[in-house]
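We begin with a single chain expressed as structure tokens, specifically the form predicted on its own.
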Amino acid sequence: MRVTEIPVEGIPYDQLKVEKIPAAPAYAPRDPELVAAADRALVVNPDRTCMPLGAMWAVLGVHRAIPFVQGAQGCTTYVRYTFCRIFKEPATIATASFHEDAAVFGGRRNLVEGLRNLAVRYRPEVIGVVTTCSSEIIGDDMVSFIKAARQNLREELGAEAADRIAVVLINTPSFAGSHVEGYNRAARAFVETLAMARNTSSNRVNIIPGLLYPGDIREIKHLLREMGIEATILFDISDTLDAPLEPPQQIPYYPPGGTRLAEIREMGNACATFALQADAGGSGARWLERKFGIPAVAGPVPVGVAATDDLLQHLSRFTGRDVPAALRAERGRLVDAMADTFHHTMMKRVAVFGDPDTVAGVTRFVCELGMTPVAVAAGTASKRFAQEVEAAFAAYRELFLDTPKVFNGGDLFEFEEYLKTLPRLDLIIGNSKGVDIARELDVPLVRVGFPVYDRFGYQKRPIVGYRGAELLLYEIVNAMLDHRYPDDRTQQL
């Protein structure tokens, strides 16, 4: 059936699948000079999103905190929609609701009235003020605006009630970076505004997880619990963006989880800070090191055997706690699973894409599995990314069939065009934006990283730690079995 126009009465369900009509009469070959993203003045199929999204993600990990977006409604609506797709949870995000008058006269009135409404109606403990492209370009003086808003709150609510609300300013102009940098700036803004040191010794550690999902953060808590280590996890979204369904609650309702304000204030007394994703949270760890002398460990994200070993060894070194037998058993089960499946993973060609920290961690893990990473791509350019993946390549180079190609920045159009030139590709690991590429190349896609919106329960399943790596390994192997092995052979495995 070829449908040239939609009939007035609509298309019945049995005719919904129509013949694909090409936009052009013939396939137009790509201009090789325009395939490389560096040669183009535009981005095609970007693998990143805006900086405010990363900042809002962070603020939602703080108990009784609400992001306040100093920008237009669209800046908030898009992010709320994205979070709902990923976490299947509502996300409370306020907006200054910019219109034409704010673009001309500035957003001072919007912010003062907006913070007042937020404080009176929702009674938050923390407000994260997130700027946008428009407020940054028109030059809103956010520091003086927040002072005016605070003075307004003191006059209306009283000084004591107004001062109980912490306001953290996060400057996030999207033209200066992606969601990764937005999260990174939020980490620094929170510790710079709230953290204090009382010169008391402490065995607590600070964990800045980065753009990890609730299941990952629960796995980090499991590792800490097994080692008997107390920690402050800055931006703990494990319960705020994966809250249980409860009977109707009093309005305003806040989930019970999230990092407490008192915990953030105590971060200046920790014995070490671990930024699990160096590009997303590393600046907060480095600021604590400079200000309070707290040692900072930035990455790698603990995906796989070696990276999880590194994390546990660092934790043991700073706290004096030994790695318990229970975690050594988890490590043994992961290694056993790798031995059980190596004949499915060895020498398989895999392409990895996504955020730089996640891609670097997954790349090292697939090297541990004996796979050949033929192409790795970070949607956000990073100073550390190339160095980290090159280190992984160097450690396992004797196993490789090809020289891996590294894309530091760029877009998925460039990545896809390169994959089409390869003689063989067995697997793609990346986020949901790789679905069309995987279908075009007829290879399986294992979903990892941000964003994953076309799978239920993904956000609850970890990839970090020994147990998370074991789950990721099973998904990698099963994806290839589903794709390449006939049923009669699969049943004989």
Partner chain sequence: MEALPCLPGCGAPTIPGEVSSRACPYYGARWLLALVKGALHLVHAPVGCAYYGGSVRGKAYRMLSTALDEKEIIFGSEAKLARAIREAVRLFPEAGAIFVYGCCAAGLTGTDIDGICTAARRRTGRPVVPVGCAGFAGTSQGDGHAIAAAALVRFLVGRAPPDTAAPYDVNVLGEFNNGGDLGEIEDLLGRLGLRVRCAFTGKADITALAGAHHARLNLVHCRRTGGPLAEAMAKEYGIPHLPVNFFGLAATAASLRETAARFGRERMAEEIIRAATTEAAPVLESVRRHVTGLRVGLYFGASRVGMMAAAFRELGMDVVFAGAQFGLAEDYAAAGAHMTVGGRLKDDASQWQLEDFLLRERPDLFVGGTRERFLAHKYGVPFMVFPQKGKPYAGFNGFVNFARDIVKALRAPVWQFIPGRWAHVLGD
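Positions refer to the first chain, counted from 1. Being a predicted model, the structure only gives us computed values, none of them experimental.
In what follows, reference is made to the form predicted in complex with the partner chain, a form of this protein that is not presented.
Only one of 316 to 324, 193 to 201, 77 to 85, 336 to 344 lies within 4.5 Å of the partner chain in the predicted complex by heavy atoms, and it is 77 to 85.
A residue is said to contact a partner when one of its heavy atoms sits within 4.5 Å of a partner heavy atom; D309 fails this definition for the partner chain in the predicted complex, lying far away. Not displayed here, the partner chain is kept clear of P444 by more than 4.5 Å at the level of heavy atoms in the predicted complex. In the predicted complex, the partner chain lies within 4.5 Å of some heavy atom of G114. Y122 belongs to the set of residues with a heavy atom inside 4.5 Å of the partner chain in the predicted complex. The candidate spot formed by F98, S134 and L245 lies fully in contact with the partner chain in the predicted complex, as each residue has a heavy atom within 4.5 Å of it. Of the candidates F407, F145, F385, F413, F413 is the one whose heavy atoms come within 4.5 Å of the partner chain in the predicted complex; the others do not. Of the residues I229, A381, L399, A72, just one reaches the partner chain in the predicted complex with a heavy atom at 4.5 Å or closer; this is A72.
Residues are counted as partner-facing when one of their heavy atoms sits within 4.5 Å of the partner chain in the predicted complex; in 43 to 64 these are V43, V44, N45, P46, D47, R48, T49, C50, L53, in sequence order.
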